[in-house]
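Here's a solo chain for you in structure tokens, the form predicted alone.
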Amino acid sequence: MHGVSTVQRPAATVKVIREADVVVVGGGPGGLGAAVAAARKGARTLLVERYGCLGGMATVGGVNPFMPNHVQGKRLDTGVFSDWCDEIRELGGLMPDGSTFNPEIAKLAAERLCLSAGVELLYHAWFDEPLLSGRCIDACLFTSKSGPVAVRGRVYVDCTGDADVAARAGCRFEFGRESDHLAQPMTTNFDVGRVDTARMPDRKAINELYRQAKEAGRLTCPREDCLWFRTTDPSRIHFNTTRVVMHDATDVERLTAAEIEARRQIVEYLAWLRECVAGFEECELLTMGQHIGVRESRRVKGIRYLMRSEVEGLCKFPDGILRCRYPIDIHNPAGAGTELVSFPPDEWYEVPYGCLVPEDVDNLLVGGRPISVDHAVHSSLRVMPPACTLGQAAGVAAAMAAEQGIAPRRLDGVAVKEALLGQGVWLVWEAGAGGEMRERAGTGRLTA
């Protein structure tokens, strides 16, 4: 059936099945950071996730490895992210590089981390809409195996990745790049096994074969190169290389089309690998992301807005709640090409607290990638380690706001930063005797 038609949704009384001080919606890296941080700050915390596990893009999306956000070889994302990595390592799922991980172990580790912090979990509940009372969210409705259900909190943290809670609550947002509102392309990650890695060509040679296949019309992926990584299994190779352009991750029909297009590209890749790339002759498809990888969609307008010019100027703030030096990394929203702008090896930029605080709803914070920054800044902080730390900052602030009975916008951002320091986030530096930057004693744990 085509054309525009509507149906009327009947009014219904929905049971409130959970109540908490802080309700975190979405259990990806940002939601993990938010929920654990809020619970550790003493708030009764509920984490609601639409799938049956935590980890988001790291698990359901199959994105691997964790991208580097380091200074002088030391991880900037201490706190909850480091604790998650430690838990993965303890369960035998993290390689010595500290970045390559087993996604199944990552699921177990994330859940164990939440439970040990006292976080209440609710799985298989898909966010539907918020119920508003003036400028505040009174409750959130979810669709579940039980039918419609509601949860109520004092403060909410949107960690859906696409800012679904904020958008449906009426928060203003930006979408994609400023010129045409196209978002960075989506990617379905996939792993192949039974690879004879001793016979694999190096990256340069594989990319030359890829270029030839594209010129011959054998591969139709718009991406300019073939991106792959080693895994925890020596015979298994991870590919983060499909590219679906000019689709909208917040539109169900366009998201469906994106999933189908990415899998079409995977079929092409598999045939090419088996026939043209040494070592892959007997390879088999092991896994695909259960959800296509989404780099960008909405970015909520906050009480502070961070721009590319500030980031390229290596901005610092008294209330800086994240330090980041992952490059500006813009995959062309319309086709081939990737813009990479790196930062100096001993420098970083900071994100002020106000970027997590929406302008339009008083008891809501945003954690993870859809915070109040422009398209270029988003391309840098969207990767999983900083997303987890952004979630941690939002969770700490939510717990503080709930405890004090005030709106998050009324919190002192410097106090939020101090609370993050107390949770081990590395945010304070001093110059060493040789001029190098080092951690100031007592301000956080450093891990390689």
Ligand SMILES: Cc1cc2nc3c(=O)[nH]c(=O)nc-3n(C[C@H](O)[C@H](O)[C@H](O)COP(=O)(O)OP(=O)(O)OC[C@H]3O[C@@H](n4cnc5c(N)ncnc54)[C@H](O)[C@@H]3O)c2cc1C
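For clarity, every value in this text was computed on a predicted model and none was experimentally measured. Counting begins at 1, following the sequence as shown.
The same protein also has a form predicted in complex with the ligand, omitted here; what follows describes it.
*Asks:* So which of Ser372, Ser297, Thr187, Asn363 gets a non-hydrogen atom within 4.5 Å of the ligand in the model of the complex?
*Replies:* When the ligand is considered in the model of the complex, the option within 4.5 Å is Thr187.
*Asks:* Check, residue by residue, if Val157, Gly320 and Tyr353 all come within 4.5 Å of the ligand in the model of the complex, counting heavy atoms only.
*Replies:* The answer is no; none of Val157, Gly320 and Tyr353 reaches the ligand.
*Asks:* Are any of the heavy atoms in Phe127 no more than 4.5 Å from a heavy atom of the ligand in the model of the complex?
*Replies:* Output for Phe127 is yes: heavy atoms within 4.5 Å of the ligand.
*Asks:* Quick one: is Arg44 in contact with the ligand in the model of the complex, heavy atoms, 4.5 Å cut-off?
*Replies:* Because no heavy atom of Arg44 falls inside 4.5 Å of the ligand in the model of the complex, the answer is no.
*Asks:* Wondering, does Val23 line up within 4.5 Å of the ligand in the model of the complex on heavy atoms?
*Replies:* Answer no; every heavy atom of Val23 is more than 4.5 Å from the ligand in the model of the complex.
*Asks:* With a 4.5 Å heavy atom cut-off, would you call Asn102 a contact of the ligand in the model of the complex?
*Replies:* Heavy-atom contact with the ligand at 4.5 Å: absent for Asn102.
*Asks:* Specify the contacting stretch among 417 to 425, 35 to 43, 404 to 412, 62 to 70, defined as having any heavy atom within 4.5 Å of the ligand in the model of the complex.
*Replies:* The contacting stretch is 62 to 70.
*Asks:* Note that the ligand is not shown here; using its position in the model of the complex, name the residues of 13 to 46 with a heavy atom within 4.5 Å of it, in sequence order.
*Replies:* The stretch touches the partner through Val25, Gly26, Gly27, Gly28, Pro29, Gly30, Gly31.
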